[in-house]
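The form predicted alone is given below as one chain in structure tokens.
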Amino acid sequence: MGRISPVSAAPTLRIAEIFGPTIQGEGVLIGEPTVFVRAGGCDYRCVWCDTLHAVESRFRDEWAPLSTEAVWAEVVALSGGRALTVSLSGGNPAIQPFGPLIARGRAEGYRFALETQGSLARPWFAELSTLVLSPKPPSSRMETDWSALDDCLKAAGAGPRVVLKFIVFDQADYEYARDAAARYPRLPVYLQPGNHTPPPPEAEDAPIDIDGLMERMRWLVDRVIEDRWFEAHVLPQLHVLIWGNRRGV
């Protein structure tokens, strides 16, 4: 009897939500029309996380196990088949096997961006158009593994545009961002005032403190200018200013 070769199963993606097109609300791609693919699962537990529905294991039953083709079909349906940027977010999207999806989309002219804290390196980072490394500051109560972030940079190589993005709540976070940026002087830096009123995971549209956010934004701008940190870009979360904490926009 001939030997039967095993059939390798296609990787399954755990997806919390897919939505868009809408605009990217933050960072280097702010304002750009985007379809979002939000993965379920994260290796961090930041105390101010605003996407707990895609992080905490108690929501695992709500994360759909989808094939690459199923995710791709939804992206095509949402975008009407017109190539645009697809943002892979989370949670930490680096946990998921997104390589085949990126290859599938790139063949059709789509661009892929990914934001991660830099705790897990993946070879398919090199196939991204944009890689946003967002190590978490002291206010998150997480510890940064700089060697892991270095591995992410090595995995990306010369493929994508790579930028740093920092959430800033206070002076300690600001100093962390300054020190981290000094470690990687060739990478563009984006600073974002932290949202101190993140939505609870069960709330679709929790209220926000706009005045508090704007006060932190003004403080952050003042610090950057006073310190002559002219390489930094200071941006708000545009989607929060437009839609509040509502999901799917």
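Numbering starts at 1 and follows the sequence shown. Small disclaimer: the values here were computed from a predicted structure and weren't measured.
Another form, the form predicted in complex with another copy of the chain, is not on view; read the next lines as being about it.
Student: Can we say Ala107, Lys136 and Ala182 each have a non-hydrogen atom within 4.5 Å of another copy of the chain in the model of the complex?
Tutor: Heavy-atom distance to another copy of the chain in the model of the complex: none of the three under 4.5 Å.
Student: Can you pick the stretch from 73-81, 124-132, 148-156, 89-97 whose heavy atoms fall within 4.5 Å of another copy of the chain in the model of the complex?
Tutor: Looking at the partner contacts, the answer comes out as 73-81.
Student: Answer with yes or no whether Ile18 is in contact with another copy of the chain in the model of the complex, where contact means some heavy atom within 4.5 Å.
Tutor: Looking in the model of the complex, residue contacts with another copy of the chain do not include Ile18, since no heavy atom lies within 4.5 Å.
Student: In the model of the complex, is there a heavy atom of another copy of the chain that lies within 4.5 Å of any heavy atom of Pro65, even though the partner is absent here?
Tutor: Looking in the model of the complex, residue contacts with another copy of the chain do not include Pro65, since no heavy atom lies within 4.5 Å.
Student: Please determine whether Arg218 contacts another copy of the chain in the model of the complex, using a 4.5 Å cut-off between heavy atoms.
Tutor: Arg218 belongs to the contact set for another copy of the chain.
Student: Does at least one non-hydrogen atom of Glu32 fall within 4.5 angstroms of another copy of the chain in the model of the complex?
Tutor: Because a heavy atom of Glu32 falls inside 4.5 Å of another copy of the chain in the model of the complex, the answer is yes.
Student: Out of 213-249, which residues reach within 4.5 Å of another copy of the chain in the model of the complex, heavy atoms considered?
Tutor: The stretch 213-249, when checked against another copy of the chain in the model of the complex, contributes Met214, Met217, Arg218, Val221, Val224, Ile225, Arg228, Trp229, Phe230, Glu231, Ala232, His233, Val234, Leu235, Pro236, Leu238, Leu241, Ile242, Trp243 at the 4.5 Å heavy-atom cut-off.
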